[in-house]
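Take a look at the structure tokens below, where one protein chain is shown in two forms, each on its own, as structure 1 and structure 2.
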Structure 1
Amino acid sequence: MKSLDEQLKIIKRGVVDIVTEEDLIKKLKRDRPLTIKLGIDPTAADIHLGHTVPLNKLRQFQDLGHKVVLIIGDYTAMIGDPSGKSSERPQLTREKILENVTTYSEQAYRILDKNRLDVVYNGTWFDKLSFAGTLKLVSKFTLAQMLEHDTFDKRFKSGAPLGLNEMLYPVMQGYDSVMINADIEIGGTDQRFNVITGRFLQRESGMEPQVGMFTPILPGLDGKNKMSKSLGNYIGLNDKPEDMFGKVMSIPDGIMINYYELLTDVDMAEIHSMEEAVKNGANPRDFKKKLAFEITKKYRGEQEAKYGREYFEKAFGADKKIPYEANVFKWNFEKDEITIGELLKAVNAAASNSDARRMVEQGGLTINEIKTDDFKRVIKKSELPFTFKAGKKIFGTFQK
């Protein structure tokens, strides 16, 4: 096992807060494998790069010889984490949740060593918890404590609906930590209240409280909002290598170093060197191309990364020869005429009509290699086939 200083250097990379670092050092000094926890709610089947940030941190702990426990929230997912949500989330059936687990796990194993991983479902203990046990558990909390949760407080003060089931969510996540006797819990900064709840419940149960380690929220392709499938600003682990490579190349220069630190294994000294080079006038495109290759290689393999790079260079190199035929879209609309907004949303180039309008007005859409700046234009089925390019990375041909 590595020395204390070596372990701290590795596990503090990309971590913005530790509660508390003193507790962390105390645990690491015991020179024994610690139990590291991450809970996931499989509310969707696919993983995007935002989800990989805490998963990468788990892998670092695995490589350091610690015990990693991935808790599948088959019970908590039926509520859905309310953190940052302005309204109650739609409740999923347990059957749908378990269906999502299969695809989610397959993608997670691209990052984690399956042979050094304990996978536990929190239904294992919540199935057995009686109503009397539930009352005993929730009696440890007051309403005032729950309203320390920013989301709960905002919704309560605004008069927005706030379900009792939602207020149970952090209690359930905290109880997970009690049941596996977690030493450390990994979570994004939006998980702070939930992780602190785990510390509280462990202390109430006569246990040593876990350490909370918080990773930043990864910005999406727009460089502003949290990476999210609903916002259309995400890079999925199941994206084709050419799409993954191209999407990374499209991120704003300002978040490139952030992506390097959180999503790659490139040494921090090299990352700082690149950062200084860009500040001194170097072209960030060269470093971004290396970033796109590293990320694609990490999640899709080296051969796929090479293909993604070649594809990008062919499509966006000096000759600008775009391989429209590589991406074929069928006219699956139930009408013979569509708007520009409907077209761009269908190919995942825009999340809303306002996004689509902005792209068109900024000159980001070409149809049959002619720039289209009229957002009110109607596209007719009789125009098929036609080629299009939307923004910097999405292109193809529409056919019957």
Structure 2
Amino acid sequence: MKSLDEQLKIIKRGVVDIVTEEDLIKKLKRDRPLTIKLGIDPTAADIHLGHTVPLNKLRQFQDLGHKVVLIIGDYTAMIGDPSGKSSERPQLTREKILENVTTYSEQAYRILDKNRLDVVYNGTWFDKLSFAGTLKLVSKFTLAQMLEHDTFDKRFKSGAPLGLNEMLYPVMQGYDSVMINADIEIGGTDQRFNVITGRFLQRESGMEPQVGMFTPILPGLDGKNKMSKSLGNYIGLNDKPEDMFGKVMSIPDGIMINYYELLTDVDMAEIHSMEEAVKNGANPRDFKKKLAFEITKKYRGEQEAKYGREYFEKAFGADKKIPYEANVFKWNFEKDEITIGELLKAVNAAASNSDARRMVEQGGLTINEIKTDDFKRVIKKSELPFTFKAGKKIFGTFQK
């Protein structure tokens, strides 16, 4: 095992808060493998980079010789974590949840070391918890205590709905920690309340409380909101390499360093020197390219990352040569001529004819490199093959 200082240096990278650092050091000093917990809500099947932040942290713990327990919250997912949510969330069926888990784990294993990993469903214990047991558990808490959770407090004060089941969420998550005797729980900063509830419950059960380690919430492509599927500002692990690369390139400069720290293994010293360089006038674009490459490589492999880079440079680089051939579409229409509306809908550039019309009339469409702003134009099958570009990002070629 590495020395305490070495461990701390690795562990603390990208972590914004530790509750408490003294407790952490105390545990590490014992020089035996710790149990690190991460709870997963299998509410969405696909993982995006935002999810990888705590997963990366887990991996670091694994590499240091600690044991990771991934808790699949099949029960908690039936409620849905209310943290940061301004309204109630739809409840998922149990089947849907189990279905999500499969897809989820496939992706999570790209980050975690399967050999040092336990995966447990919290249904394992919640299935057995009787109503009497539940009452006993719940009786440890008061309403005032729950209202310390900012999300609850805000909802309560603003008059938004606040379900009793939602208030049970942190309690359940805390109970998970008791059941697996967690030493450390990893989570985003939005997990603070839930993790601290775990500490409380462990203490109540006569256990040594877990340490909470909080990773920042990763901003999405817009640079403002947290990365999430519902906001559409995410980079998915299953995104095509060219998309992954391109999406990274489109993040605001301001969050680039952030991404480096949280999403790559690039040495902190190097990251800081890049930060310096940018301050002194270097073009952030070049560092962003490296970032895009690192990230794509991590999840898609080196070959794919190279492809993503090439694609990007062709499409948006200095001597722009849009790689129309990279996106090939077949003439799958039942007829020999189609309207522009049909074309744009077929390639997902427009949601409706009206939408398509707007785009065309505003000069967003190019066919065979020629701007086409006549919405009434008809495209004949005999014109194949032809290239098109709709807006900045959607382009391709139609072939027979």
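This one's a predicted model, so the numbers in the text were calculated from it and none came from an experiment. The term rigid core refers to the maximal set of C-alpha atoms that superpose within 1.5 Å between the two forms. When a residue number appears, read it as a position in the sequence of structure 1, where counting begins at 1.
Only structure 1 matches the form predicted alone. Once the rigid core is overlaid between structures 1 and 2, residue 34 does not reach a Cα shift of 2 Å, moving by less than that. Core-superposed comparison between structures 1 and 2: CA of residue 13 displaced by less than 2 Å. The rigid-core alignment places the CA of residue 383 2 Å or more apart between structures 1 and 2. Taking the core as the reference frame, the CA atom of residue 327 shifts 3.7 angstrom between structures 1 and 2. Structural comparison between structures 1 and 2 after rigid-core fitting shows the C-alpha of residue 368 displaced 7.3 Å. Here residue 336 exhibits a Cα shift of 16.1 Å between structures 1 and 2, evaluated on the superposed rigid core.
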